[in-house]
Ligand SMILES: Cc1cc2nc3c(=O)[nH]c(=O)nc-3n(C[C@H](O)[C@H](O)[C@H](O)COP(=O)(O)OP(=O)(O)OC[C@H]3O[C@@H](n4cnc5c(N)ncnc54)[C@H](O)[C@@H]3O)c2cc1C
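Single chain ahead, by itself, as C-alpha cells, in the form predicted alone.
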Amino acid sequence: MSFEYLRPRTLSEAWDLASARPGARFIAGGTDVMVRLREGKVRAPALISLRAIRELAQIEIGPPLLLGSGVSVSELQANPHLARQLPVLVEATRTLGSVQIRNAATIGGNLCNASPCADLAPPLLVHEARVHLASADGVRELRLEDFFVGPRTSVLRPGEVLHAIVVDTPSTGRAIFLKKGRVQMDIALGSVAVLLETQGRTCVRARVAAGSLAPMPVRLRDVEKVLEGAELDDRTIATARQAIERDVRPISDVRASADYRRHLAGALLERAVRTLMNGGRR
C-alpha cells in the first residue's frame, strides 16, 4: 500500500492538489478509508487530508445551526450549545465507536462514507438537515436525504467536498436515537431516530429515519403519516410498527438476517415512541 499524503490548509489548495492528481481522495479522520485501503477495497494515488482547513471545523449555533464537516465526533459530543440545540445528535455520538475513533472521526466523514449504518445520519434526517457541497466552481445545497443514493454512494462529484451541515431552528419536539449492535462499539444491526411534536397524546408532527435497514440511511415518510394526526395509543403504535417493518429494505449478512432486522426496526420504533411519550429521550 503506497500513496502520497497531503495536508493543505485551504480549500483552494486542496482543489489544486486534487486536480493535479487524478484519482486522489479527500479524507478527514480516515477511520474508514484507511481500513479499506489496507484491505485493498479502494485504491488512491494520494490522500488529501482536510483536517487542517479551519473553515471546515467551525460550529455556528445560529439559527440556523451550522456544523463544519471537519468537526470531530468528540467535539460534537462535548459541545454544550449543541447538547441543548440538537441533543439527539449528541446522543448518537455516544454510540459511535471508541473514544479513539470519536477523536479522529468527523461528522463529514461519517456522512460521506455513505454507509447504510452511518450513526449520525438518522438524527440529522429527522431534523431535516441540509448539506453544502463545495467545489472550485462554487457551493450547492441539497437535502441530506437526497445526498445518499446507495451503499457507500453519494451525490458528491469529483473534486467536491462536503463543506457543512445546516439545520434550521431545531424542532420544539422531542427526539430519540436508538441503535442495536451485537456487542458494544459494534456497527449498527439497525438504528432508528424519531422526532415527535405532540399536543397531549396526539402527534402533530413526526419524523422517522433509520440506519442499517436499507441500502442507505433513509427517512420513512409512510411511517410518519401513520403517526401524524393520530393519538399515540397502542393501536397507532402497532400500525406504525407494521408500516416500518413493511417499508425498510434490510439485507441478510453474517451479522443478522433480513427478517431479524425487519423485526428490530419495529421494536426500535415502538420503544422510541413509547419512551418519548413517557417524557424522556431515552
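A quick note: this is a predicted structure, and the numbers were derived from the prediction, not measured. In this text, residue numbers run from 1 along the sequence as written.
Quick note: we don't show the form predicted together with the ligand, though the next part is all about it.
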Q: State yes only if every one of 190, 202 and 271 has a non-hydrogen atom within 4.5 Å of the ligand in the model of the complex; otherwise state no.
A: no
Q. Going by heavy atoms within 4.5 Å, which of 217 to 225, 26 to 34, 59 to 67, 237 to 245 lines up against the ligand in the model of the complex?
A. 26 to 34
**Q.** Among the candidates 131, 208, 118, 89, the residue which, in the model of the complex, approaches the ligand to within 4.5 Å (heavy atoms)
**A.** 118
Q.
Only one of 176, 82, 166, 104 gets a heavy atom within 4.5 Å of the ligand in the model of the complex. Which one?
A. 104
Q) Any of the heavy atoms of residue 124 lying within 4.5 Å of the ligand in the model of the complex? A) no
Q.
I'd like to know whether residue 256 contacts the ligand in the model of the complex, with contact meaning heavy atoms within 4.5 angstroms.
A. no
**Q.** Partner contact for residue 78 in the model of the complex: the ligand, 4.5 angstroms, heavy atom
**A.** no
Q.
With a cut-off of 4.5 Å between heavy atoms, is residue 112 one of the residues that contacts the ligand in the model of the complex?
A. yes
Q: Could you run down 74 to 93 and flag each residue that has a heavy atom within 4.5 Å of the ligand in the model of the complex?
A: none
